[in-house]
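Given next, in structure tokens, is a single chain: the form predicted alone.
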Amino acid sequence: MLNDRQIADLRARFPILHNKIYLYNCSQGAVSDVVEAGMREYAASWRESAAPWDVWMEKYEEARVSFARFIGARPEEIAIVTSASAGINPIASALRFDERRKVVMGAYEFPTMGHIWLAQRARGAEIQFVESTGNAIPVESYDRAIDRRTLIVPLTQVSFLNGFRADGEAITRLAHERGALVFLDGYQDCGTRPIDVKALGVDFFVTGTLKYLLGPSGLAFLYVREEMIESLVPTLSGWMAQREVFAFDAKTFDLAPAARRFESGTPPIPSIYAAMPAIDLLCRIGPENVAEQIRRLTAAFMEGARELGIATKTPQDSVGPLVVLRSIDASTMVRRLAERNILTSARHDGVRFSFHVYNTLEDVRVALAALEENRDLMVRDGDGA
């Protein structure tokens, strides 16, 4: 667990924290000095190197190794892509919807996941959404939906809508018992606690760097379980997916034997330079320390919201990082908070407060005070749906 001095030292690395309370992490992590240094390093490599692509390819492979270590995978199981969509799409394109046609996913998935799998209906996919019950989707609901006709279960770790955290291990066990695959979306979770994809047992995992990994947009990572890689032939492809990248042979389609086969075009080199120092920083802080700090802040904030009588969309047993409170006018509430230098975001009728390791109990206190002053914009607990 981090002490106050360690938190203060960490906060000094994020310039926006000097005058803002940054609870916007579910949309974009705060920029740090190490990320800015990474951007400068990229510019220098471009300006000064006699052969920048040689340097950049080394950095590209370093990123693969570093992220693999971060999630408990092997580098050969990692594809470097530009977005979650660019990670999900090649897998969807490689699957066949014949004997198994069902795609079972929860109602809390981010639109990216929903749209990509809905697009597979033209190829024979049958989509079934698992509806929520009381701001959660119980494992039992997945148990009823997943059957022997299910091909894959796309699953979000933490919902962008209300902060609900799915029981990934239990759902993965259910799916595998019935012969179905699991594709875990960790975008709203990765960077907030330790993760081990091998322990989770998932077949695929995707996340990007612009939220809790504290990096820029334009970079994401796809994990594919090693045993599955060579059995999947994506129809979405490109030159970086080939076994011999620099053969420049347009007439030969020869996919790499590793997860790189799910990549496509030119790697996002600037984003790699900016993002990897942030992941290194999180490793130095320690994922366990990050998780504990977020848990403390989430508990304090949710208790304060309860005392104010404000309705929450987030399950009461949440350990974070996202807490969503109900508002009669979420956009106006976000604007009022911003006027007090408290940065949040809105989705539908929810105001989203998202915590990271650099946030403090003082941030919680100030945010709750602002909510108390603006209770006219919030839904009171017990007012109904």
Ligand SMILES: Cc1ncc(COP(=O)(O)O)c(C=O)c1O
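Predicted, not measured: the structure shown is a model, and the values here were computed from it. One-based numbering along the sequence shown.
Keep in mind that the form predicted in complex with the named molecule is missing from the display, and what follows is about it.
Using a 4.5 angstroms threshold between heavy atoms, Q242 stays clear of the named molecule in the model of the complex. The closest non-hydrogen atom of T156 lies within 4.5 Å of the named molecule in the model of the complex. The closest non-hydrogen atom of E263 lies beyond 4.5 Å of the named molecule in the model of the complex. Contact check for F204: no non-hydrogen atom falls within 4.5 Å of the named molecule in the model of the complex. For the candidate set N289, S93, S83, S132, a heavy atom within 4.5 Å of the named molecule in the model of the complex is found for exactly one residue, namely S83. Checking 253-261, 224-232, 300-308, 105-113 against the named molecule in the model of the complex, the stretch whose residues place heavy atoms within 4.5 Å of it is 105-113. Residues are counted as partner-facing when one of their heavy atoms sits within 4.5 Å of the named molecule in the model of the complex; in 172-199 these are D185, Y187, Q188, in sequence order.
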